[in-house]
Ligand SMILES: C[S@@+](CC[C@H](N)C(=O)[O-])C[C@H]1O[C@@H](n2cnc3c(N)ncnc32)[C@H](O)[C@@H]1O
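Just one chain is shown here, as structure tokens, and it is the form predicted alone.
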Amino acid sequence: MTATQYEKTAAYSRFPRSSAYDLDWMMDQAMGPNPLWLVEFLSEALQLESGMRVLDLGCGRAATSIFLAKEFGVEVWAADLWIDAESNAERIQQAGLSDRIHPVHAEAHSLPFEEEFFDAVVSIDAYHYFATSETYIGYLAKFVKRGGSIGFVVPGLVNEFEDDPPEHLRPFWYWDFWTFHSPQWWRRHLERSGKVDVETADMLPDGWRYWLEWNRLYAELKHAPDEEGRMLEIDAGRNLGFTRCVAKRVESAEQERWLTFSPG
């Protein structure tokens, strides 16, 4: 597949905002599935308005932060542990958005922000790495204003596995894939805290196809191996895809069922 062929793919028409961005630039910023496609999918369920303060948690190389600032006019704090703030600052400056995006080097369990500072938190292809603890949502929610939103898109499962993954997935299954969960799992995980009400918990229709399209395109243009693509092709959507969740912090402390715990 070539860059010209990309314009004829299903993903190109499915994600019109993302398709306006340079393909080579998207590939240079990606650290997995195309982050612009996923943040565009999230934005379809998460209300974003110009001037809002948004935390982009686990922003990677800040492509999603740039997208959010450009497309919705929000002010973004681009926080990541693996990518240093200085290199993200260079990318942000090149995009002409230094006045609206603030790169931060931060660990998700030790965030350097005031309580109720943000109108929304977004996280793309990262939340599952640090937020499966029962107590994490209580920690994160305190940084969001009452009634503010927390939204994420992550690799997920159609349904939870009762035990081991299906036989056809076992050759590809890494230990950290156990952080992949279904929309139903995430809904229960978030809502039983009493800190948030989940408004959306679903999967990207045909998400596995877009994921596979991206892997094939990346492998061809970057001459990279594609074991993950083989896994997606064999599974054919029976189990794997992208889970989306959007939750709102409850409006009052009286609605919460217990006190916030700090994650250990």
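A residue's number is simply how far along the shown sequence it sits, counting from 1. Keep in mind that this is a model prediction, so the values were computed, not measured.
Keep in mind that the form predicted in complex with the ligand is not shown, yet the notes after this line are about it.
Looking at the ligand in the predicted bound form, residues 30, 106 and 126 each place a heavy atom within 4.5 Å of it. A single residue from the set 81, 95, 169, 158 has any heavy atom within 4.5 angstroms of the ligand in the predicted bound form; that residue is 81. A heavy atom within 4.5 Å of the ligand in the predicted bound form is found for exactly one of 130, 173, 72, 113: 130. The ligand is not drawn, but in the predicted bound form it has a heavy atom within 4.5 Å of residue 59.
Segments offered: 137-145, 158-166, 179-187, 73-81. Contacting the ligand in the predicted bound form at heavy atom distances within 4.5 Å is 73-81.
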